[in-house]
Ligand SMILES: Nc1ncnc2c1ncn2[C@@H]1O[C@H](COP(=O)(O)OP(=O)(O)OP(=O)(O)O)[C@@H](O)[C@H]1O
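A lone chain, given as structure tokens: the form predicted on its own.
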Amino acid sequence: MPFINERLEANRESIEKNRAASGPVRASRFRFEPDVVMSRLRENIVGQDEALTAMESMLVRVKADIGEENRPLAVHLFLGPTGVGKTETVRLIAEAIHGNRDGLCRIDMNTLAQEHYAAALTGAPPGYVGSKEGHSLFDLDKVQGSFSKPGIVLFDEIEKASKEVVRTLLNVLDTGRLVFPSGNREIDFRNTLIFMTSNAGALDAEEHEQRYQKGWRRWLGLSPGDSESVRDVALRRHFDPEFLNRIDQILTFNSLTDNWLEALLDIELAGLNRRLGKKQAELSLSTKLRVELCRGYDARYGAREMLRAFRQRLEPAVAKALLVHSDCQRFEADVQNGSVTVHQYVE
């Protein structure tokens, strides 16, 4: 969209001239507040303090608009096992900035496992069908954002894409531009937050921890060793050095332990109550049911396991109670003989 790019550039030049004329005014062109974004993240992401601190630093830097002009605003790679909040973090950032969890361009990299799928990102090369049209999986509006709000791109499960597909991103990460092979089209990523998620190294780190728990080092009171080196070896196995060198920061998301079960349960319950609020209803859980739901948690599947328990065990009982007691506003869920029951709440 050359017209949009020209308008963005014209607005930048106009604001710079106004700043120069009026003195040292440092108002940011970006209309989002890092504190508001971080509040949303900290309400919904648990057990990832280090990653969230890094996100806060990134958002403050972007808000100040002091980054290099010929690169994306930020490039981050999130590592960690499934269900720990990597993709959810990006969706929450999109929701806080754009008012919509889907206000980002999400590319499922597991669908690009073959080399020739690189054309899905860059368009078909000259001489091939579709080369003149320049079709691409990128949603331009969500990629480029606007002058006051950055675009957001998520490359999900990037380790599952072919190496040829990943190599097509080198220019994007380095110069903020993607020029199509046909030469007649270009996508601008210089106003974009780029996030990538990967499970690379998660199994390696888990195996490393299990070997430590069963091995002689633990019995002698020795440390388990440097988990960062385990991660780095896995990364080098999956990605070229040129690719890793273009990433601003690589963040590891921790596995969720039993310490976070209550917090996860409260987050899922709050989400369910937001949906029930549209039906003028509210749900509370008995202590017995809370213990039951937490007992079924499996760390291998992370927060998604808790969500499955809600969908399979709790939501059907809630739905039935809503239909039977259409005039009731407050409900309580309990468990009896392994079955979840929902009844009208009694003070």
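On a predicted model such as this, the values are computed, not experimentally measured, just so you know. Residue numbers here begin at 1 and follow the sequence given.
The same protein also has a form predicted in complex with this ligand, omitted here; what follows describes it.
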Self-check item: Contact residue in the predicted bound form, chosen from 320, 304, 288, 61 - any heavy atom within 4.5 Å of this ligand
Solution: 304
Practice problem: Go through 46, 293, 38, 314 and name the one with a heavy atom inside 4.5 Å of this ligand in the predicted bound form. | Solution: 46
Practice problem: Report the stretch among 78-86, 188-196, 144-152, 236-244 that approaches this ligand in the predicted bound form to within 4.5 Å, counting heavy atoms only. | Solution: 78-86
Practice problem: With heavy atoms only and a cut-off of 4.5 Å, decide whether residue 269 touches this ligand in the predicted bound form. | Solution: no
Quiz prompt | Distance check, residue 264 to this ligand in the predicted bound form, heavy atom within 4.5 Å | solution = yes
Exercise. Using the partner position in the predicted bound form, report whether residue 109 sits within 4.5 Å of this ligand, counting heavy atoms only.
Key: no
Practice problem: Flag residue 172 as yes or no: does it have a non-hydrogen atom within 4.5 angstroms of any non-hydrogen atom of this ligand in the predicted bound form? | Solution: no
